[in-house]
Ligand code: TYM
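Just the one chain here, laid out as structure tokens, in the form predicted on its own.
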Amino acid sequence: MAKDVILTGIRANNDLHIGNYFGALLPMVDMAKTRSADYQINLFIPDLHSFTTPIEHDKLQNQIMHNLKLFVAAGLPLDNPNIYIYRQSYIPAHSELTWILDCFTVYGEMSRMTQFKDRSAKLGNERVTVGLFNYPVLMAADILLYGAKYVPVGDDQTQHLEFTRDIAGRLNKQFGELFLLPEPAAKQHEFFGKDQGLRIRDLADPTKKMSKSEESDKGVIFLGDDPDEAAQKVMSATTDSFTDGIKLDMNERAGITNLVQIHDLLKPDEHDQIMAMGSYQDLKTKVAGTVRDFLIGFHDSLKIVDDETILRKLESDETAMSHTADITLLKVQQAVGLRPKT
């Protein structure tokens, strides 16, 4: 390829909330737009990864399209020829290469993965699937098929990136130069910048980050929420019993600090005005109105996103990415004896 490849995934399932919007969606859109002149940007939908843990399968297709529309409404361009958007499962080479890599991966490598151990502890043995155990091998295939050099990874996926480098190096050593290795984690953080951003907290329980919960979503502002209902969630947010004004302290005043940070993300120029408010009720009213206005505007942008335009982009890019992936897969198949060498 003429350009180095940056690869990252667009979540296939689960509703996205404002924490995702500021922490992942906007940075991804900005990265795609600002780096596309110098790099090929691969944004894939990891639909195969989505059911390594239990999901509602009958909703998956709608969630894929809904989440894609959210990215487009947030500014992801569909007319940039250097940005490719594709569904993982629509390119069979992902699954085929995963099986080949499986056969060169030892059990101990996967069993040592911290993320697997953490997730399996939460699920319990009866709900832990081989797919969850095998997740890093599929992730390696996602990266290696396209020779991706840069892959933004959080601390919880650093092990997976290093495994990708290990398995690629192992096959390269045995069969010759089959794969381009992605840069190691330190180089990835240097390239993308180590994430030090704010973590929006749950409105009902500000001691934890905002995320979809099986118990209650009353502390989560989803991008698809009715604006008035979202405003009511803000008005019901957990605060504290201090009476000496608006002060930032994530240890003792996590709820109030969280509300200020949410408002700062939406209207950074009004920080001083927010801090000068005399009561928690005034602050909640202000933040609730700002969240409501944001969602109204975002929903207006969402309404004009055209499904057919997205589908045309997907189909075109999947054809191009299938060609690239098949070239890599054939080289591997020939090396391991599954196809005749020409």
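Owing to the predicted nature of the structure, the values given are computational and were not obtained by experimental measurement. Don't overthink the numbering: it's just position in the shown sequence, from 1. Superpose the two forms; the largest set of C-alphas matching within 1.5 Å is the rigid core.
Unshown form predicted in complex with tryptophanyl-5'AMP (TYM); subsequent notes refer to it.
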Even though tryptophanyl-5'AMP (TYM) is not shown here, does residue 157 get within 4.5 Å of it in the predicted bound form, heavy atoms only?
yes
Report whether the minimum heavy atom distance between residue 147 and tryptophanyl-5'AMP (TYM) in the predicted bound form is within 4.5 Å.
no
is_contact(residue 227, tryptophanyl-5'AMP (TYM)) in the predicted bound form, heavy atom dist at most 4.5 Å:
no
Is residue 49 part of the interface with tryptophanyl-5'AMP (TYM) in the predicted bound form - any heavy atom within 4.5 Å?
yes
Does tryptophanyl-5'AMP (TYM) come within 4.5 Å of a heavy atom in each of 44, 152 and 212 in the predicted bound form?
yes
Assert contact_stretch over 178-186, 236-244, 136-144, 70-78 against tryptophanyl-5'AMP (TYM) in the predicted bound form, heavy atom within 4.5 Å, equals 136-144
Of 199, 271, 122, 127, which one comes within 4.5 Å of tryptophanyl-5'AMP (TYM) in the predicted bound form, counting heavy atoms only?
199
For the stretch 14-31, return the residues whose heavy atoms include at least one within 4.5 Å of tryptophanyl-5'AMP (TYM) in the predicted bound form, in the order they occur.
17, 19, 20, 23, 24
Core-aligned C-alpha movement of residue 132 between this form and the one not shown, 2 Å or more
no
Tell me, please, whether between this form and the one not shown the C-alpha of residue 188 is shifted by 2 Å or more, with the rigid core used for superposition.
no
Is it true that residue 262 shifts between this form and the one not shown by 2 Å or more at the Cα, once the core is aligned?
yes
